[in-house]
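This document starts with one chain, in the form predicted on its own, laid out as structure tokens.
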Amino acid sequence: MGTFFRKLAGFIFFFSKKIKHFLWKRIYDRLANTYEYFDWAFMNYGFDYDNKSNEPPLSDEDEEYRYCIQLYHHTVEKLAVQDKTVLEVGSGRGGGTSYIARYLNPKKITGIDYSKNAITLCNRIHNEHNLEFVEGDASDLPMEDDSQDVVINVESSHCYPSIPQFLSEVKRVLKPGGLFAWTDVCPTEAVDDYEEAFNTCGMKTIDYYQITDNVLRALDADKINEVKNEIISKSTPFYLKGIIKDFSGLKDTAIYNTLRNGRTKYYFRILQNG
């Protein structure tokens, strides 16, 4: 039965566009209500640099979240976000948005998420002066036209019902010449659809490559996964444990294994608005 639900979850999350948006919102709301732990401020799979000299310096209190933080650092390190207005679409529990605000000195960074509970949680546990969290949908961003220097989207777009609509919104809110950094998992069956969406969105791709190996090494090494596993085991209803573990990318779960066997890849891309 557990295997059935994991396979069903994989189908829903990656291929059934009409219902995955609805279900993801319910899951995110459940996570925000159930897991009020700062130790789970980071929900992404993480990133391990090939060259350790490229790793960002971190404070002692942030060191235990290194791999999750490094996925954010890798996403923005080429974007020169200092003194810029930055928007993160799909900010989740806010750990990555907070890292950028604290370490990389944007003029302002706004985290948008469609889970009201997640936004409430973020505003309670993060209080940097140049940071705010706002409820909103990736398909209808609550931002003015040409208002952002940089937009980022980290491991979130696989939840969206329409990638073309999301990209249209990113283009709308970006200033001319503004940069958009995207990184996420993508099943091999969906790569062509993603490529068509990116190639026809009106923004120019200036960097694009796969980071699957970097993500897998982080998942294998990251001690935060032990914390996540313990929290899920203690606090999640039995009928959701398999799905939430898959969602978290824990080792030997279905999503982890599709990354390992190549059925799913993890990509990184930077685009520039015309």
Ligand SMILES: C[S@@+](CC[C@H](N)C(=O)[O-])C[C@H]1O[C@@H](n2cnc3c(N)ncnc32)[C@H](O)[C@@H]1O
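Quick caveat, the model's predicted, so the values are computed rather than measured. A residue's number is simply how far along the shown sequence it sits, counting from 1.
The same protein has a further form, the form predicted in complex with this ligand, not shown here; the description that follows concerns it.
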May I ask you to choose, among T75, Q148, T110, S156, the residue with a heavy atom within 4.5 Å of this ligand in the model of the complex? S156
Which of L131, I163, A181, A138 has a heavy atom within 4.5 Å of this ligand in the model of the complex? A138
Segment that reaches this ligand in the model of the complex - one of 91-99, 169-177, 76-84, 200-208, heavy atoms within 4.5 Å: 91-99
With the partner left out here, check for me: in the model of the complex, does some heavy atom of Q70 sit within 4.5 Å of this ligand? no
So, V215 and this ligand: in the model of the complex, are they within 4.5 Å at any heavy atom pair? no
Considering non-hydrogen atoms and a 4.5 Å limit, does this ligand approach F47 in the model of the complex? no
Does Y114 reach this ligand in the model of the complex if we count a contact as any heavy atom within 4.5 Å? yes
If you look in the model of the complex, which residues in 42-59 sit within 4.5 Å of this ligand (heavy atoms)? F42, M43, N44
